[in-house]
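Starting off, we have a lone chain in the form predicted on its own, written out as structure tokens.
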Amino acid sequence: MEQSRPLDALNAARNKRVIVELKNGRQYVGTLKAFDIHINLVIEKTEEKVDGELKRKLDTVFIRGDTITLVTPA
């Protein structure tokens, strides 16, 4: 399936593991459950990493789209 729009790529990643990098350098790794047109994300079974080191495990996390620099499949 060809992806022609950025939201198509996010839709293809739904229910899959993703890595989300934020402007403050933190990374969140978890299962993408939902998103909106502002790229606000809901991620489940989340791990928070700082400088590549696991800091804590979280359940469900909401990440504001304006704080995100990168979203990629894990």
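So that there is no doubt, residue numbering starts at 1 and follows the sequence shown. Note that the structure is predicted; figures quoted are calculated from it, not measured.
Omitted here: the form predicted in complex with another copy of the chain. The next part is about that form.
Contact annotation for Lys49: none of its heavy atoms lies within 4.5 Å of another copy of the chain in the predicted complex. Contact annotation: Glu53 falls outside 4.5 Å of another copy of the chain in the predicted complex, judged by heavy atom distances. Although the partner is absent from this view, Lys23 contacts another copy of the chain in the predicted complex, with a non-hydrogen atom inside 4.5 angstroms. Arg14 belongs to the set of residues with a heavy atom inside 4.5 Å of another copy of the chain in the predicted complex. Residues of 42-74 that come within 4.5 Å of another copy of the chain in the predicted complex, judged by any heavy atom, are Val42, Glu48, Arg56, Leu58, Thr60, Val61, Phe62, Ile63, Arg64, Gly65, Asp66, Thr67, Ile68, Thr69, Leu70, Val71, Thr72, Pro73 in sequence order.
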